[in-house]
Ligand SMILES: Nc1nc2c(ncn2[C@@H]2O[C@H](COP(=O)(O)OP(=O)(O)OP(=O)(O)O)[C@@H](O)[C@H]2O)c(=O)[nH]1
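Just the one chain here, the form predicted alone, laid out as structure tokens.
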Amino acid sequence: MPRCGIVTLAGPPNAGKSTLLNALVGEPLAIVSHKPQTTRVPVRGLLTDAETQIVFVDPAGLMDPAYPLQKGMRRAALEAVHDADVVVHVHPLAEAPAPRLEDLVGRLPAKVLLAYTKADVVPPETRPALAPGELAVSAESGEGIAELLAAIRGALPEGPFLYDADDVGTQPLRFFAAEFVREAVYAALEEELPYAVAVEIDEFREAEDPVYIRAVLAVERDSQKPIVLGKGGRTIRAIGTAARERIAAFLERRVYLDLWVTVWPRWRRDPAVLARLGLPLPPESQR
């Protein structure tokens, strides 16, 4: 009997969840940045072999939300945890021991595995002793990845595959295109500004060659537009080049990426915009 299930990676911001997801599925699906709270909408990746299909979910890091966008991110993260068949509690090895996951998310209906990440930066002689069943993993060196996958496969429920065996993700291509533009934004802009940028795909014409993608980069204030554009358009060109290369590699197609910068006043606090971006607020936050 085949095994199939939803496996959610849960942990604090900047614990290495997105890097771990990419290592587990063998594809750079989730965007990665040294800045915390990069993930907003949960990213889903698939890993399928002859006997098992794992639907990985990488939501935002668990945090105490300070404003509506973060409240939407936390709601989506909690839903991903509560919908899972298996939860991988992700925590940096250098900050062991991890807190009890129940204290972060409430009830835990799923099986829980504890994976300590970023093991490559902790010398063996300074590593804490781990309890039976706990794993030290590194997405950079590959340490513990095979062992974690074996533990996940053993915890999956029996059931038919949910997706085609050749699929690597469950979300539409335009979702990943928007994410890769956001990744380029985080790389190009410093300090707080990347958190004030939203990305929405206006057009995605896959039938054309090259694929035509029109993306809107929305900031919250008029004063932020020149920063995103850069002197003589230098910054927006750098963002476009990096994002286009990333999207083209993902699609294995030539891509024409058309970027536009606009202002959505206070979009991080606008329930309608957040819902459109896939992060509806909890009902109590909309009153």
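What you see is a predicted model; the values in this text were computed from it and never measured. Throughout, we count residues from 1 along the sequence that is shown.
Below, we refer to the form predicted together with the named molecule, which is not included among the displayed structures.
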>> Under a 4.5 angstroms heavy atom criterion, identify the one residue in Thr52, Gln37, Gln224, Thr241 near the named molecule in the predicted complex.
In response: Gln37
>> Using a 4.5 Å heavy atom cut-off, which residue among Glu147, Asp167, Glu134, Glu140 comes into contact with the named molecule in the predicted complex?
In response: Glu140
>> Val32 versus the named molecule, in the predicted complex: is there a non-hydrogen atom within 4.5 Å?
In response: yes
> Would Lys118 count as touching the named molecule in the predicted complex under a 4.5 Å heavy atom rule?
Replying inline: yes
> Does the 4.5 Å heavy atom contact test between Gly278 and the named molecule in the predicted complex come out positive?
Replying inline: no
> Does Val25 reach the named molecule in the predicted complex, with heavy atoms at most 4.5 Å apart?
Replying inline: no
> in the predicted complex, which of 170 to 178, 213 to 221, 120 to 128, 105 to 113 comes within 4.5 Å of the named molecule (heavy atoms)?
Replying inline: 120 to 128
>> Please tell me whether the candidate spot formed by Pro13, Thr19 and Gly61 is one where all three residues come within 4.5 Å of the named molecule in the predicted complex (heavy atoms).
In response: yes
> What are the residues of 190 to 215, in order along the chain, with a heavy atom within 4.5 Å of the named molecule in the predicted complex?
Replying inline: none
